[in-house]
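Just one chain is shown here, as structure tokens, and it is the form predicted on its own.
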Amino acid sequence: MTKYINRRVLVIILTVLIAVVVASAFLASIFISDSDVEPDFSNTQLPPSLEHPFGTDWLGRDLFLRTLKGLSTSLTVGVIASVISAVAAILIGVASAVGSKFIDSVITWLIDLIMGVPHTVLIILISFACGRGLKGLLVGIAVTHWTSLARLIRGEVLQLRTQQYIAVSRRLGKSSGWILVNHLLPHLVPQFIVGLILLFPHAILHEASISFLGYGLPPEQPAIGIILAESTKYLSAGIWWPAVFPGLLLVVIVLLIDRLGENLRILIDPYSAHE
């Protein structure tokens, strides 16, 4: 019981911490104007200091302000892509479990096909086919990240359909739609919430990696992947701060969100909660 209470406290702390970080990034993107991150050739490649906590880049732009502005872009892409993926996963997973054998076999084949191709390669292909940029990146991430959650939802629905209270509802004349809304969906809400949270860090990392490779956001748009891609040109000259600080901030946020999702999953799972 003490361990369960401690885990609940940890979830609350992580939720508040992540909310503060995300809100700060979005507020910073609103108040930081384009003029604040314009090139200043009199301050090029300055190391970290009190005036420039993350230093400056090769154009003299403040890396701290640029990282905050880019982080909001990465978080926006992550939120939109993960929400689309999670909604698609629950719809496809339920359709696979309650549909005919043909529909189930087609969806299962599609899941296996998408999971059989490396995500990075598939996102690059989809992004390139959609014209790259923000649209191609969102479509690529959304299309490739729903499969694991859809398979989990499918298995959960198949297990729920064998429960006795479902059979009782059918004998009482309840329709399939009534059973879906009143019996199945309430059980799927925790899976949906946890799956959405765990999809979020994957979406952020894939956004950064695809932009880093040059197939995502355009170079003129601030994003963590763009900043990291630019920084690699100057690592050999000993200019390490453009790569370390933005990358470290991204890793910390991803780890916090992943930790929150794992602890929330244990709390919601009735079997894990009573260990």
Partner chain sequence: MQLEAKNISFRYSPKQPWILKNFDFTVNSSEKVALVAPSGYGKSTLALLLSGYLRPVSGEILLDGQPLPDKNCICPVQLIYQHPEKAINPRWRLRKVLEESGQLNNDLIASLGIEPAWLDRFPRELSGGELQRFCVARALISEVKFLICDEISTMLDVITQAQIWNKILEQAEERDIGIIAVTHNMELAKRISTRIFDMTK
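Numbering follows the first chain given and starts at 1. This one's a predicted model, so the numbers in the text were calculated from it and none came from an experiment.
The form predicted in complex with the partner chain is left out here; the points below concern that form.
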Considering the partner chain in the predicted bound form, find the one stretch among 182-190, 123-131, 100-108, 87-95 with heavy atoms no farther than 4.5 Å from it. 182-190
Whether K135 contacts the partner chain in the predicted bound form should be assessed with a 4.5 Å heavy atom distance threshold; does it? no
With heavy atoms only and a cut-off of 4.5 Å, decide whether G116 touches the partner chain in the predicted bound form. no
Could you tell me if Q164 has a non-hydrogen atom within 4.5 Å of the partner chain in the predicted bound form? yes
In the predicted bound form, is there a heavy atom of the partner chain that lies within 4.5 Å of any heavy atom of S169, even though the partner is absent here? yes
